[in-house]
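Here we start with a single chain on its own, the form predicted on its own, put down as structure tokens.
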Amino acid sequence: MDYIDPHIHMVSRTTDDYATLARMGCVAMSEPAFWAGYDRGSVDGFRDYFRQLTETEPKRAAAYGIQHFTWLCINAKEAENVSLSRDVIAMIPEFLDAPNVLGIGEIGLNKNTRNESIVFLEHLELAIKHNQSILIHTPHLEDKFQGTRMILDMLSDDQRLDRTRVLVDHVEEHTIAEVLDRGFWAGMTLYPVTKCTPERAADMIEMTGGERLLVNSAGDWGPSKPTAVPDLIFELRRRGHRESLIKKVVYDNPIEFFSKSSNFKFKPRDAS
């Protein structure tokens, strides 16, 4: 089955991973800007990173028949440096016309601090000003519930936002209902240490029916599995779910959400 991974960090993966993903059925992916494993010290460091996301990775992906899209921001882990964050936010419009840029992301909270909230809100202003879709990072583990509520409140307070153009990622059992109830899209991340397993993701699909729900691997520098989405496909098949439901979650839903971005020019694989 062809599938799309809506959140994977290929700058941290080898070229062999692209080949493996292609063999597993991945036809497209989106790569949000994120932490590099260390705090960057200048706006030029981010400019070079955005060139990698908009120039280098699309070419690496295309060599294996995969379409590569991206999102731009300064990640919440680096948002404590408000001055640098503002310089990066001011620079991002240089790249918004790049053909693979879908919007602003992954923005959000890490430790739920005041500075993180300030930078989050300024990213929202950028997205609204430039009519961009938004991809949200929710915090890890013990900060998950509080941070998600904080993010949802900040989003809901701005009446200018189109909630159908906002994806709130890394949802779990205790956050998914509120995300969907408030009208946003929800992303489930299949991660071997934190976030959720294919079995838990399958449970959440059964709970919600799969509407406005995406699933991703978030493969990055740490312990992660770039082929986690096929693991979910296998689990859903093992449970006897219809192929139409599986395709909806791993293929149709990403296309529907990404299509809200003007730069999303997806070319389905020729079935002939």
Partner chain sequence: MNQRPANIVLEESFLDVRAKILEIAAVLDRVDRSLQDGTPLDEDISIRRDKIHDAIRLLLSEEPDRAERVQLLFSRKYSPAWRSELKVD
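What you see is a predicted model; the values in this text were computed from it and never measured. Positions refer to the first chain, counted from 1.
This next part talks about the form predicted together with its partner chain, which is not shown.
Three-residue candidate spot M150, E173 and R238; every residue lies within 4.5 angstroms of its partner chain in the predicted complex by at least one non-hydrogen atom.
Contact check for R200: a non-hydrogen atom falls within 4.5 Å of its partner chain in the predicted complex. Though the partner is left out of this view, E206 does reach within 4.5 Å of its partner chain in the predicted complex, counting heavy atoms only.
Taking the partner from elsewhere, F145 is found to have a heavy atom lying within 4.5 Å of its partner chain in the predicted complex.
Shown alone here, H130 lies farther than 4.5 Å from its partner chain in the predicted complex, counting heavy atoms only. Per the 4.5 Å heavy atom criterion, its partner chain in the predicted complex is contacted by stretch 206 to 214, the sole one of 206 to 214, 224 to 232, 61 to 69, 36 to 44. The listed set D162, D97, D157, D181 contains one residue whose heavy atoms approach its partner chain in the predicted complex to within 4.5 Å, identified as D157.
If you take 93 to 124 and check each residue for a heavy atom within 4.5 Å of its partner chain in the predicted complex, you get K111, N112, T113, R114, S117, L121, in sequence order.
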